[in-house]
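A lone chain, given as structure tokens: the form predicted on its own.
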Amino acid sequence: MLHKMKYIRWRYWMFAPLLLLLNGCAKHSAWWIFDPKGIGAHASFIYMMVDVGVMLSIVGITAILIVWFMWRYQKGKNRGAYDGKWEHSNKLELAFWGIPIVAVAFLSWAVAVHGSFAVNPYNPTVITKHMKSKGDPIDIDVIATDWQWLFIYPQFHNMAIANELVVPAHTPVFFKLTSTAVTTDFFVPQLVGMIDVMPGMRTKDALESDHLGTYQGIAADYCGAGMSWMLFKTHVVSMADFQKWAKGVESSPHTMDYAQFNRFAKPYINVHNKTPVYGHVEKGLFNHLLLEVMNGKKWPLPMFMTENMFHYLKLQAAEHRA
């Protein structure tokens, strides 16, 4: 009976690796990166697979040869003979040196050089080379606070939405990003690669997707007590639906000037996934914020927030602040 139980246990363990592959089919999976839906994300995935494939083939062949030599020339098994006088082989030298040189040269060109230009967040050629034929790009200013995201659309009446991103399909989108407090990372695993968002600095990123849908965006670097709730949904919609959505946001009576932004930027844990919209944001807010932070502007973190987060959330709820 005990032997049978051990057999059943090992049989299930044999199928355990399959669960890792099936996990990629889950809607909210840790394997998002293996299901890219953006042009840049798909290119990054291909380059990564090429790199892994080439290196794995070298390591795999080497591992197989090591096992084969150990079996073939095992002492006392009479499986092979060892010639102590053998000292050189031009064919083996060519293989041992030639294959790595070819592999490194190929990876240097295909991944290190070509791939770097293709998915460079400041000027991704996989997106820019098709830009003219696909219409005008959309610019979005991204501001990370403790712990929210603010997305400003300068080409659409300088409207904005917090903690939610909406972009049209088949259209290049270019981001300018900065932070009010600490460094974090802007990352939509299925659409666009990770980029640092830093206080007093401006970074850039770009995405384009031909797949309609909703994708999870995250703050991919630890940045304080509210980091776990610093999420945003990214909606890729048709151009008609995007224009309709933009008109609705532009008509919102809520606006944001710099004084109101100061209130928005105070440490806030967005546990209820609030996504307020602003019909208009003060022009030049992004650049003004950069200068303010460079000159020492801070939004202090209340000490009791980390000491008693439950109490802080109660105070935060009483403020009704979005």
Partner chain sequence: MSHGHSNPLQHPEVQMASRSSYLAGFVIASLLMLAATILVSGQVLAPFALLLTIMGCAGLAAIAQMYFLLHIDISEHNIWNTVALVMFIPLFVITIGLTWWMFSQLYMRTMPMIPGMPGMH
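Predicted model, so just to flag it, every value in this text is computed and none were measured. Residue numbers count along the first chain shown, from 1.
Separately, the form predicted together with its partner chain exists; it is not shown, and the next lines address it.
A.B. asks: Quick one: from Gly213, Gly200, Gly248, Pro137, grab the residue that has a heavy atom within 4.5 Å of its partner chain in the predicted complex.
C.D. replies: Of Gly213, Gly200, Gly248, Pro137, the residue with a heavy atom within 4.5 Å of its partner chain in the predicted complex is Gly200.
A.B. asks: Scan Thr128, Asn120, Gln155, Gln243 and let me know which has any heavy atom within 4.5 Å of its partner chain in the predicted complex.
C.D. replies: Contact check passes for Asn120.
A.B. asks: Please determine, with the chain shown alone, which of 248-256, 234-242, 158-166, 192-200 has non-hydrogen atoms within 4.5 Å of its partner chain in the predicted complex.
C.D. replies: In the other structure, the partner sits against 192-200.
A.B. asks: Is Leu285 part of the interface with its partner chain in the predicted complex - any heavy atom within 4.5 Å?
C.D. replies: Contact with its partner chain, no.
A.B. asks: Val277 versus its partner chain, in the predicted complex: is there a non-hydrogen atom within 4.5 Å?
C.D. replies: Looking in the predicted complex, residue contacts with its partner chain do not include Val277, since no heavy atom lies within 4.5 Å.
A.B. asks: Is any part of 269-295 within 4.5 angstroms of its partner chain in the predicted complex by a non-hydrogen atom, and which residues would that be?
C.D. replies: In sequence order, Asn287, Leu290, Leu291, Met294, Asn295 come within 4.5 Å of the partner.
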